[in-house]
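Shown next are two forms of a single protein chain, provided one at a time as structure tokens under the names structure 1 and structure 2.
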Structure 1
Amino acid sequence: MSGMKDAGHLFRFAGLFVLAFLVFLVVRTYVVPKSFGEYGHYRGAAIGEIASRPIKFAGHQTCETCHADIADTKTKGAHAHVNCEACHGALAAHADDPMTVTPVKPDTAVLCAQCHTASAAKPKDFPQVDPADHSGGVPCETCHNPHSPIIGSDSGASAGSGSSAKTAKGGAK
């Protein structure tokens, strides 16, 4: 008989669990959007919402239409697979009205360091530098053509995104 007296605790706990589950189901009906699950584990209405946003990026093909000379240099250089807007920012407004909207020229002393600051997590053949030792804050385009950054490759002669550039100032680390 004492076994049933102790089982009451378990029944109360099970009842509390069932109650919590029912509260969860009620809250879920108010919190989860109606279109959730329409396309797998996604909110179906999100597609229309995203499509209604204004376009911010033009795409590198749009840039290459007007800037073919730079595109030619870039395709032969180490940055061949880096899209224009990765460095220059969203350019749809510039592409729509190139005479009025001028893109901001990036500060290469800061921008280039975002990818090329030395880190043990990066592949050994990826060009890495300690920006303070390498250039002392001098903009990278002082010595490098950003579209084909290996020194001496202004024409884009050295192709390949995996080549390691050793420079006169500090070298690749």
Structure 2
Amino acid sequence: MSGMKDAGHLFRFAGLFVLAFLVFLVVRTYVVPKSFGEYGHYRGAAIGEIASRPIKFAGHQTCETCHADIADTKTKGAHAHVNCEACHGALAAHADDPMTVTPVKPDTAVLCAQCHTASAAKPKDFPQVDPADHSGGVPCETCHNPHSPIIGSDSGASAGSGSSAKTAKGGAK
């Protein structure tokens, strides 16, 4: 018994550990969200919250319902696999209310350079130029139709930037 008495302080220290562990467990119960771990190592409720956010992108099928002529040009050109909103930005708001929400027309002198500026990291067969040397700041659409950029592959530069929908509604700015 005296051995136990002389080791009493060790139990106090151990008690401190147990107490700290219990406090940790209690705090953990409060701070860890209830849905954590429901599907994986994250808060399960986050999926519902993200899903409930307003949709920003309309998807190219939606665009094609009104802009069928552009879609036709694009399908035959080198940009067939580039989605509309990759260049024009998220346009669900425009699709929902085409009369009020009119998208800003991208500046091709800036936009095209984002992909087509020469870099050793890009595949050799990918069209790439030094924009300053190539066009000297002149918008790319002067010579290239952005929807079918290879010169001569469509009806001509800038032709593809118009559309039936544009004609009908006064065009994009």
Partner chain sequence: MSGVEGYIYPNEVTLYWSVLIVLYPFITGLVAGAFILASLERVFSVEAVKPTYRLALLTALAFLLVAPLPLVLHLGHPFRSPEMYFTPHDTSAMAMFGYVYMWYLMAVLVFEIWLDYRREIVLLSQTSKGLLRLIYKVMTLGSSNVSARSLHIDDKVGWIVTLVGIPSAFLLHGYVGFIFGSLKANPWWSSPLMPVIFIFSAMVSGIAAVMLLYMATTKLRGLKIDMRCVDKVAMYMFYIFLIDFSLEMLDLVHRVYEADESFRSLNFLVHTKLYFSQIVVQICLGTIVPLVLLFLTQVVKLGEMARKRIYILSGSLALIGVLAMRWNVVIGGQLFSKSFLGYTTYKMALVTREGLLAAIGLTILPLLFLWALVKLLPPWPDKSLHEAATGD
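What you see is a predicted model, and the numbers here were worked out from it, not measured in a lab. Definition used throughout: the rigid core is the maximal C-alpha set that superposes within 1.5 Å between two forms. Start at 1 and count along the sequence of structure 1; that gives the residue numbers used here.
Q: Which depiction, structure 1 or structure 2, is to be taken as the form predicted together with its partner chain?
A: It is structure 2; that copy is the form predicted together with its partner chain.
Q: After the core is matched up, is the C-alpha of G37 off by 2 Å or more between the two structures?
A: For G37, whose C-alpha is compared between the two structures after core superposition, the shift is 2 Å or more.
Q: Superposing on the core, what C-alpha displacement does F17 show between the two structures, in angstrom?
A: Shift of F17 at C-alpha, rigid core superposed: 12.6 Å.
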